[in-house]
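We begin with a single chain expressed as structure tokens, specifically the form predicted alone.
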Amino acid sequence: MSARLETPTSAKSTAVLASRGARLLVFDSGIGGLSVLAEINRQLPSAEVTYVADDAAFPYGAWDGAALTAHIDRLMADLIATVSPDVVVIACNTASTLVLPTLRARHSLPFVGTVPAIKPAAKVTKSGLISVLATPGTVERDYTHALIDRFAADVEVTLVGSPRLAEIAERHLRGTPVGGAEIAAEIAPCFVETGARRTDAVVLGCTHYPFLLPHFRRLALWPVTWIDPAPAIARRVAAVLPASGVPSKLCDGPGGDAALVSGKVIFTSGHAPPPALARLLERFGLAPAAL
């Protein structure tokens, strides 16, 4: 995973952070970014978090690239003015591979993005065959292909643009049962055989996907290493914070106790979450708020 690191050095900002903890804005097209938030909280349990789900515009994969860039640019300006975060986390691969340069050029605060973890996959593969499971928008981006050229030139990479998995994960997190057959059909192209070699590492190129990992493992055609970038994203967030006194601890893997000390969640649609999702948000300590 690649993300630019920007570390403010202001003594005043350091003192403020030391007294109140980090103020983070975590942004996603939906609620898949909670997989990233869980890891951030494990490393920065005192962080004050505003989680924004842009459900009014979900799914991002249906958008034209220029229109989506303009939409996120306008929305982010409003969010930064409202939240005044120390760091913004773009917990969405599609948005990160598209709009990070625009956001970084317009705003002086640090942005940590989410891009496909192609470099780690290229390092762990033994067979030389890896797959990137992502949204169609992410697999088509020049940014993704540049990562492959830079970090995986010596391995064979299969790009799998799933048109449905993010929506399936959203339904799952909102309490709607999901079928094994529909998930199996989406992940099947990840499993490639070339002679005696088989795919042995699959990059989870969408932050929604870690919530479907139990299904992925059960439905896999053979065992593979599923690479979730969330722990690395959380480490980047900790690295860019200017205060060395911010409490941190690292635990492994999403899905455990991720309750926040303080936090709020904003749905851009203004809709109230269904009961199952409301219970999940409560586990994260996220209270509903308006934009």
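Residue indices: 1-based, along the sequence shown. Small disclaimer: the values here were computed from a predicted structure and weren't measured.
This protein has a second form, the form predicted together with ligand DGL, left out of what is shown; the following refers to that one.
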property	result
Selected contact from 121, 132, 89, 206, since only one has a non-hydrogen atom within 4.5 angstroms of ligand DGL in the model of the complex	206
Residue contact check: residue 39 to ligand DGL in the model of the complex, 4.5 Å heavy atom	no
Distance check, residue 157 to ligand DGL in the model of the complex, heavy atom within 4.5 Å	no
4.5 Å heavy atom contact, residue 199 to ligand DGL in the model of the complex	no
Interface membership of residue 138, ligand DGL in the model of the complex, 4.5 Å heavy atom rule	yes
Answer range among 24-32, 218-226, 40-48, 231-239 for contact with ligand DGL, defined in the model of the complex as heavy atoms within 4.5 Å	24-32
Stretch 151-179: residues contacting ligand DGL in the model of the complex, 4.5 Å heavy atom cut-off	166
